[in-house]
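A single chain, nothing else alongside it, follows as structure tokens in the form predicted on its own.
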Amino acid sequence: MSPDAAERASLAARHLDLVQAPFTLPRSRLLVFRADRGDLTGPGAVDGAPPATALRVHTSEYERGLDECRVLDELVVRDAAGAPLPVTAVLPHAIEFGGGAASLSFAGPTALSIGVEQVEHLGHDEALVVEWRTPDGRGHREQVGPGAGVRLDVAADRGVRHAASASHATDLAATERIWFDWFDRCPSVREDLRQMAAFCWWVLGANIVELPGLGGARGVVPSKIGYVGVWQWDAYFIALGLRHGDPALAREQLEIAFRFPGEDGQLPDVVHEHGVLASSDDLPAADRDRLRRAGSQIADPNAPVPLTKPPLAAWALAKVLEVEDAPDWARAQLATIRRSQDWWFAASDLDGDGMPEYGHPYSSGLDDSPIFDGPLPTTAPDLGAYLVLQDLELARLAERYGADAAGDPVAHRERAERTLASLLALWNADAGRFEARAAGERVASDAIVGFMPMLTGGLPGPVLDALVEALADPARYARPWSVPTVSAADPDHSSERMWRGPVWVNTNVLVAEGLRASGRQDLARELEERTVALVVHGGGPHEYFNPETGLRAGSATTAFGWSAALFVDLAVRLSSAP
């Protein structure tokens, strides 16, 4: 193990609270939390209360909540007098009890190992008792002597088998080696970003799952808490962070996203352990119920609606190839991306005007944005911008790797020019913003999608100036923590509601990319600095943040994959010379 890996593991451990960051292992589906579910305010404490004495264990499964995936409702280590030993340290490879008297670690992806140390100086040179309770209410207890342990094997049905084990020290060392090998890959960044970068790198490792239906492919999921699948654009953003330390794993995320195109070229929204989600017919019941509660007209469409994600595939591919070139691999992926780009124009130009639309909010990734409050289909400025960017990237990649895979670069640039013209028709000069259209009717929402046309690098000067002015306006987007996903001056703005005001790391990154593409490098770097400062201030790479407080929004998931990956990517960029 290298000194750097040990230091990064130590830095990451400062955030491992067993609440927002559970104890887990790369490739494992097991998650260990503290049993009281409180929010930690310091190492080992819940709102100033004593540290945890009981843990709970869950599995991580597609479209199942933690309560549906209970393995152990309580796990406690007791001393010889029967008193529970507190959790005194959480490390990437172990949870320690009683100052090191006992520890919990992994014995491979599907088993937990609990062992008792021979530590006479701590007063624990006698047997301890390990107790656990399963969801059926049954209690189990094992007496474990110094130097011995117990192994808990978790079956696919979440059943638990236990056996005495003399290999705890070996299991502990093996788990430590897995994590130290992972931290060895963590990129070096500047001093003020090192601790959060180490934690974000832990998040990426923690969110690795095996996908048995894909031959054991390694998917880095958005979160093992509630998002267990490879969403298409999550894969793109996650690959951007992974590329700096594990380019092969970055490429693997793109391979998974590109692995199941439809016959017409459409890429699926999600690849998961049971198949793919590529149509409204594939939606799980929980999603349909949520749409019904929101009053959506598309909860039960009369005909299947294709579900995909925004066309950022070529952009992500080009980013990954910047770090480590892979020509043969790139050519194989480009054929899929080219067909996907063609699909947007052939199958998602729903009104036949040459400008593709979103047929379903899910295909935008911004499901709850107010631009989807009206009827569908939605003509959106972000989609137009992504399509222009993708054609321009395909043209550049075709010149680099050959037109056989990526297509004629001239044709891509000509289509990009036509799409840009259609995109500029969405500019409302009086309002000073790009606006969406719902079934052809103007949508007045002042939303972050209106900044994405900067990604094209081809906006007229007055349009670009108006967008820059909007970003600097404290009444609209220059909030204490920017950039809100809906203007603070918009009646639909909410600081807490998903995609209606909270700050997302990925949209900040895309706005910064747009500023840079439009020649405003100074503002791009300033936004990138504010974005990493937000994650540090907020305490971690959450799913989204309140733009007024800079803290995690109440319903946001923690230890979120793309927030972690993009923090790493930004930290690397900001640690280099301007």
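Note that the structure is a prediction, hence the values are computed from the model and not measured. We number the residues from 1 along the sequence you see.
Beyond the structure shown, there is the form predicted together with a small molecule, which is absent from this document and is the topic of what follows.
Is it the case in the model of the complex that Phe33, Pro92 and Phe199 each bring at least one heavy atom within 4.5 Å of the small molecule?
So, no: the whole triplet misses the small molecule.
Heavy atom within 4.5 Å of the small molecule in the model of the complex - residue from Arg339, Lys309, Arg479, Arg251
Contact check passes for Lys309.
Taking the small molecule in the model of the complex as the reference, which of Gly241, Gly450, Pro502, Pro222 has a non-hydrogen atom within 4.5 Å?
If I apply the 4.5 Å criterion carefully, the residue I get is Pro222.
Residue-level contact is defined here as any heavy atom of the residue lying within 4.5 Å of the small molecule in the model of the complex; does Asp234 satisfy this criterion?
It does: once the small molecule is placed as it appears in the model of the complex, Asp234 has a heavy atom within 4.5 Å of it.
Proximity of Gly365 to the small molecule in the model of the complex, heavy atoms at 4.5 Å
Yes.
Give a yes/no on whether Ala173 approaches the small molecule to within 4.5 Å in the model of the complex, heavy atoms considered.
Contact check for Ala173: no, nothing within 4.5 Å of the small molecule in the model of the complex.
Quick check on Tyr227: any heavy atom within 4.5 Å of the small molecule in the model of the complex?
Result yes; Tyr227 sits at the interface with the small molecule in the model of the complex.
Heavy atoms within 4.5 Å of the small molecule in the model of the complex: which stretch in 180 to 188, 135 to 143, 365 to 373, 101 to 109 meets that?
Among the candidates, contact is made by 365 to 373.
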